[in-house]
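Below sits a lone chain in structure tokens, taken as the form predicted alone.
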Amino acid sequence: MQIGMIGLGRMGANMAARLLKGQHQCVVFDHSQKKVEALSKQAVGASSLADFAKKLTKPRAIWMMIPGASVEQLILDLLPHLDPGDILIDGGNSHYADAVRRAKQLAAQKIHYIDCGTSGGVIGLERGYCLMIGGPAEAVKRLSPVFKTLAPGVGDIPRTAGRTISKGTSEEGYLHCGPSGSGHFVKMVHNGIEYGLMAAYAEGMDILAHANVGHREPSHDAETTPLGNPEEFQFDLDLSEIAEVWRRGSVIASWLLDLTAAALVKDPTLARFEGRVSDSGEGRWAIKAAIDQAVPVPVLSAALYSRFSSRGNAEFAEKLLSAMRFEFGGHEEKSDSK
């Protein structure tokens, strides 16, 4: 099948490569011609959106793999080059409500709009991508060969206990979740859960990293709560080995734990990282949706706020805490000795 790919970043380029490997024809475009040229031996490169549209057979199928903030403008730039029956797929992390609106607006011009939440990261090229799809059934069905190629497939993952029949394509790693917006809604919640899982691993490992606190020289000042039982914290633990053993039969084994173990093998002290954790929006949207639905999500909320704090956004609050302690008790700040 022929498909156009706009956006050849870490995800888009790998997705195009996977499609090419699966014998699909790809027409590719990116504002960086170097990225286009990198795929031009196998894919058909385009020099502009007009050139891109001309090189696609009608009805066109165009996959947009760009930041959510850029999708609106790209659609506006593409529209003069599109025809009724064309399909636009937004595979990035856009807000689901935008997908609902865009699908309705484009439907008036007889252009199909599919929102496709895409998970798999940079490993997706070999491992495949989990696809959460929203949009009109006819358009989704037309693109099923593309989804099937991008997805991991059944592979060697055993069937879920008690699941005797397959109700659809979920076992292959892609799913038509429902109407427009549903794909990005499911991906939004997926990313909120991701925040929580990552925070749980990080906090647990942090406890293990400080399990030798009993070796430290005790403090004898009024500003530091003394460690009352130093003999209970005398463990110099190898986090890399712990992550590895947890991967083997543990209840908390997962792909995220696999990645954690790999990171600790590369750099046990994680010295190259400063600990500033970004968020691209989905966690915020998930929490807002939960508020609108009156659904309690304390873990997801805490994980998001932890990311804010990691970027120094709590610095003023922390200074104010110190200022209040000084005002009411004359407490001077004390640097932690590590």
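Numbering starts at 1 and runs along the sequence shown. These numbers were taken from a predicted model, which means no experiment stands behind them.
Separately, the form predicted in complex with another copy of the chain exists; it is not shown, and the next lines address it.
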{"item": "Contact segment among 140 to 148, 83 to 91, 254 to 262, 105 to 113, judged by heavy atoms lying within 4.5 Å of another copy of the chain in the model of the complex", "value": "254 to 262"}
{"item": "Contact residue in the model of the complex, from 32, 313, 57, 47 (heavy atom within 4.5 Å of another copy of the chain)", "value": "313"}
{"item": "Contact of residue 163 with another copy of the chain in the model of the complex (heavy atom, 4.5 Å)", "value": "yes"}
{"item": "Exercise: residue 215 in contact with another copy of the chain in the model of the complex, heavy atom 4.5 Å", "value": "no"}
{"item": "4.5 Å heavy atom contact, residue 290 and another copy of the chain in the model of the complex", "value": "yes"}
{"item": "Partner contact for residue 26 in the model of the complex: another copy of the chain, 4.5 angstroms, heavy atom", "value": "no"}
{"item": "Interface residues of 134 to 164 toward another copy of the chain, as seen in the model of the complex [heavy atoms, 4.5 Å]", "value": "152, 153, 154, 157, 158, 159, 160, 161, 162, 163"}
